[in-house]
Structure formats: structure tokens, C-alpha cells
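Take a look at this single chain, the form predicted alone, given in C-alpha cells.
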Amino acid sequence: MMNENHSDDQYGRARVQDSDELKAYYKELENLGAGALWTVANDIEPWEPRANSVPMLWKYDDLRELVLKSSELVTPEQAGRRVVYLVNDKRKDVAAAVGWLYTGIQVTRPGEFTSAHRHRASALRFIMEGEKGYTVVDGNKIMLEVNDFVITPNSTWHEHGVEEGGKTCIWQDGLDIPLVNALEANDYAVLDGKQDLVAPLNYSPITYGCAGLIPADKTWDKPYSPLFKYSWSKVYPALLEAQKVNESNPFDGIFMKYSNPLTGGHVMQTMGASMQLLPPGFKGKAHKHTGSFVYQCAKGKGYSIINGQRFDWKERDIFCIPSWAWHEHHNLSETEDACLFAFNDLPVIEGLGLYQERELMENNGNQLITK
């Protein structure tokens, strides 16, 4: 039976008391680029998962004017990508929003576009506002609408823009840059000119985004989804249909994962994403699990309690939940549903066998607000 006593003052944990002789010994080891494990063991092997990040909320109303101002101060050509990035108070050294995930808010005006580029890091977008925005992924041009979810996987050539006659587009970027940099495996390349289009407009979502149907006469050998855009016009009705025949998950409401239509797995190798619908009056119970999450409210208003702290959100606000943080979601409306988009590092966590979860059993499954 596992010992639930998490005191370090017990057999099996490092309990060595310092002495002058030991200190001299440690110095000798340090001079040789070595150390005694017992001096760091309790810190690097915590009793439970330990997050370096803190919960945070970024209010869109506070950021929007500054995001738009960036489009007056620098051009896409000057900046490469014109983005205001969101950084966790405890992860500034790696420019991460939470854990090893990066996020930012990008703005593009009508007639503007970014140069085609690629990087070893994977990327995704969630469209926040605007009209006639587009992305080109490996020669596939795709038009974008509000609340669409878009992927630009590891090492694919991609560029973004807004057609003449459109409206300024703003979207959330999500990347695994901190993770890939931590693994010392990132790179970056710029294409000389724009990509040649290799398929008809919207080929990917039209070909692979149909209801339960995939091409029987085509081969896809990439490790990521062939569906580069998941349309809100299909996602939201699917949530409403699922709600008719499914009980709400006590933690997450009607909870759906964006998936690779060929495998049913995550959309990319290092980042997954989800959309959840919180029915009117939904009051979620609390749980915690490994894996870092960045959320954006796509519809409605509500609040989340994260490690005893309440964060109120409404449409377009972004917040993060660190790994192993207690969290619960509540819909503030008794008449309208609320929808939360999220992206995460679950493909990595699950692929390495590191996923674990725990439900809050006290207080009927709800946290006490402590701060």
C-alpha cells in the first residue's frame, strides 16, 4: 500500500544533516562537475506534480487597443509576425504562457500578409475577429472565420494575411516554442517569396471536414491531421447535437476534442485542443490533472476557480491553468450557454505516460475561494 504521508522526514527520503566534512566533500564534487544526489533529491522528486507556472487571466478589453496599436507602430515585414505575446509571471525566462506553451495575439490589416516561413515548433490559431483572413499551409490556402480553429504543424510552410476588402483580423496564436527550445531542437526558415498554391481554395476543410467521411482513394502519411481548419460553423452545431443525447461531464460540460479525422487522435504531435460547452447555469466540480492548458472564451461569460482563486471571464478573454492545479468552470448565465476553447500539451503528457488526474472529494466537489 502506498504511503500517503508526504513528510520528507521518513525512510526513503533524503534526510542527511550537513557537517563540515560533508560540505568539504560537496565542494570537491562541485569542482569536478558532480554532486551528491541526496542534496537535491527531495526537490527534483516531489511527492506530487509541481507546476512552475501560476494561474493567470488576460482581459481582451484591456489588450485589444494595444494589439491594434501594434499595427500602427510596425509592419509585418519589420516584425516578421506582429504579435503581442502573453507571458506567465513565473515563466518570463522562457516566454511561456503556462508550462511549456506559448500564446500571443496577432493582428493583420486588410491587404497585409506575412512572409512564408516554417519552424520545428508546431503552431495553431483561434480566430477572434475580422473578415476575409486566410492562411496558407504547405500550398493549401484556407479562408478563416471567427472561432475557427486552425493548425500549422511542425515544419509546414505557412503564411497568413487578409484579403483586400476584408476587415482587420485578430487571432490567438498557440505554439510549443518553449518546449521545443527546452529540447534544443527548434529551427526557423523563411521562404524566398510566397508559396505556390497546390490545391483549390479550402481543399483541406472541404476534403477532410465532412461528417464522418474521409477520402478512400487518397493517402496521407503525415503524423498530424490533414484537416487544417476546424470550422466553428460545424463545431458549435455538433456541440448542440451532442448535448441532446449526452449528460454533461461534471467537470467540463459537453467536452469535445479536436481530432485527426484519420486516426481519432490529437491534431498534432505536441499540442492538442478542445472545445467545451457549459450549459446555462452549469456549475462544474473541481479536479486536477497533469498537462498545461490555455483557454479562450469563445462564447458567453462565466468564471473559473483555479487553486482557490476566482477568475471571471467573458468572450475573448484568455486564461491559463497550470499542470496539477485544482480547477472548476461555472457558467454565469441561466439562459445562454458558454463555450471555452483550449489548447494543451496532452499529446506529450499522454505519449510519455505522464497523465494522472484527481477529483476533489471535499465540499461536494467544489473549492473554497481563498484569494
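One-based numbering along the sequence shown. Nothing here was measured: the structure is a model prediction, and the numbers come from that model.
In what follows, reference is made to the form predicted together with a further copy of the same chain, a form of this protein that is not presented.
*Asks:* So in the model of the complex, are Tyr230, Phe255 and Ser323 all sitting within 4.5 Å of a further copy of the same chain, heavy atoms only?
*Replies:* Verified in the model of the complex; spot residues all in contact, yes.
*Asks:* If the cut-off is 4.5 angstroms on heavy atoms, which of these, Ile177, Ile170, Val162, Val136, is the one near a further copy of the same chain in the model of the complex?
*Replies:* The residue in contact is Ile177.
*Asks:* Heavy atoms within 4.5 Å of a further copy of the same chain in the model of the complex: which stretch in 296 to 304, 126 to 134, 279 to 287, 83 to 91 meets that?
*Replies:* Going by heavy atoms within 4.5 Å, the stretch is 83 to 91.
*Asks:* Is Asn331 close enough to a further copy of the same chain in the model of the complex to count, meaning some heavy atom within 4.5 Å?
*Replies:* Flag for Asn331 set to no.
*Asks:* My question is simply whether Phe341 lines the interface with a further copy of the same chain in the model of the complex - judged by any non-hydrogen atom within 4.5 Å.
*Replies:* So Phe341 does not count as contacting a further copy of the same chain.
*Asks:* Heavy atom to heavy atom, is Pro49 within 4.5 Å of a further copy of the same chain in the model of the complex?
*Replies:* Because a heavy atom of Pro49 falls inside 4.5 Å of a further copy of the same chain in the model of the complex, the answer is yes.
*Asks:* Could you tell me if Gln356 has a non-hydrogen atom within 4.5 Å of a further copy of the same chain in the model of the complex?
*Replies:* Heavy-atom contact with a further copy of the same chain at 4.5 Å: present for Gln356.
*Asks:* Does any residue in 186 to 212 get within 4.5 Å of a further copy of the same chain in the model of the complex, counting heavy atoms only, and if so which ones?
*Replies:* Counting only heavy atoms within 4.5 Å of a further copy of the same chain in the model of the complex, the contacting residues of 186 to 212 are Asn186, Asp187, Tyr188, Ala189, Val190, Leu191, Asp192, Pro200, Leu201, Tyr203, Ile206, Thr207, Tyr208, Gly209, Cys210, Ala211, Gly212.
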